[in-house]
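Next up is one chain by itself, shown in C-alpha cells, the form predicted alone.
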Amino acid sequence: MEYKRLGKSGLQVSRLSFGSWLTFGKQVGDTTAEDLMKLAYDNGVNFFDNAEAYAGGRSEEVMGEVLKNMGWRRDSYIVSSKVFFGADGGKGGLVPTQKGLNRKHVREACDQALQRLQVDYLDLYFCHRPDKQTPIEETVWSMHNLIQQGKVLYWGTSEWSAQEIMEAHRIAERYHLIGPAMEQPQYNMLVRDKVEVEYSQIYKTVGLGTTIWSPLASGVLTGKYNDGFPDDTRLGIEGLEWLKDRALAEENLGRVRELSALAKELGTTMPLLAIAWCLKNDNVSTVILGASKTSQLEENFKAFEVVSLLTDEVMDRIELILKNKPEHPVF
C-alpha cells in the first residue's frame, strides 16, 4: 500500500482507504462489515471514513464494534467522522440544535461519534457541508477547541468552496487557531472542477489534503449501467434520486461505454481504470473505496497496478472520450 502526507500536515494516509457510506448499517450486515474492514487493514489501509449521518449513526456503531473486536493498536489506524446533518438513528426528524455547525452541535456530535465508534479521539473530523446559518468563525473556534481538548487531531471540510475554506484559514490566522487541514470532495472522471481547478491555489498556499469520495460515481464508472439499470444497485437506494438522475445521464453512459472499451484494450477493467485515474492526480491524498463484498474490495486494491498504464498518450485518449476537462480561469 502506498501512503501520502495529508496536505501540509504530518499525517500519512494510505492512498486507498475504506468508507462506510451507504453500506454499513444498510447494505451489509455486521459480519460482512467486519470482513471488509479486516481485509482492508490486512492490505495496508490505515484510514476508515465515517459520518454521523451515515445510516442515522448506525454506520458508526457498526464500525465501532469492528474496531473493538479486532483489537488493532490505536496508533495503527486513522478513523474519521463528519458533523452537519445530524444523526437521528432512524427515529424521525431533527430539531435545529441537533444539526449544523453551531458550537452546541459540533461539541455534542463529536462526543456522540466517539461513543458510537468506541474510541477516545477522532483522527479526522470533517464539517460535512458548509453551514449558511452559522458564522464560519464560530465553527473554526469550535473545531479548534475540540483539538485543544484532545478529542480531535485534525479538522477539515467536505464539499466546501475554496472561498469558504480560505475564510476559515483567515479566521484561524487572525486568532492563532488551528485551521482546516483537509477537504473531502466528490471526485471522479465525471466530477472534476473542485479538485482540479477551484482548489488549485489552496494546494500551493495554505496546503490541502483531499480524501476524495465516489471515485466510481456510485457505480456508474464500473460499467454495470451500460446496458440498463439492474435491480438492487446502489443508485436504487431511497434518497439517491438526485445522484441517479445526474449520473445516469445518457451523455455519461456514452462516455463510460467508450472508457470500458479502452480499459479492455489496456488489459484491465473499468473500475480499476477509474480508480487509477483518480490516483494519478497528485493532489489526491487518498481515494475512499466503498464495497458491499470482499471480492469487490480485493479487486479494487489492484488499481495501483493500473496507474503505470496511464501514460501521457492514454491520458490524452481518456480526455478525448470525457470531453469535460475543467478550464482554469484566465485573469
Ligand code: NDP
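Note that the structure is predicted; figures quoted are calculated from it, not measured. We number the residues from 1 along the sequence you see.
Form predicted in complex with the ligand: not shown, discussed below.
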Heavy atom to heavy atom, is residue 225 within 4.5 Å of the ligand in the model of the complex?
yes
Taking 4.5 angstroms as the cut-off for heavy atoms, does residue 216 touch the ligand in the model of the complex?
yes
Please tell me whether any heavy atom belonging to residue 30 falls inside 4.5 Å of a heavy atom of the ligand, as the geometry stands in the model of the complex.
no
With the partner left out here, check for me: in the model of the complex, does some heavy atom of residue 65 sit within 4.5 Å of the ligand?
no
Here the chain appears without its partner; judged in the model of the complex, the stretch of 97 to 105, 249 to 257, 197 to 205, 128 to 136 with heavy atoms within 4.5 Å of the ligand is 128 to 136
Only one of 53, 45, 306, 291 gets a heavy atom within 4.5 Å of the ligand in the model of the complex. Which one?
291
Please state whether every one of the three residues 111, 156 and 286 places a non-hydrogen atom within 4.5 angstroms of the ligand in the model of the complex.
no
Within 296 to 318, the residues that have a heavy atom no more than 4.5 Å from the ligand in the model of the complex:
296, 299, 300
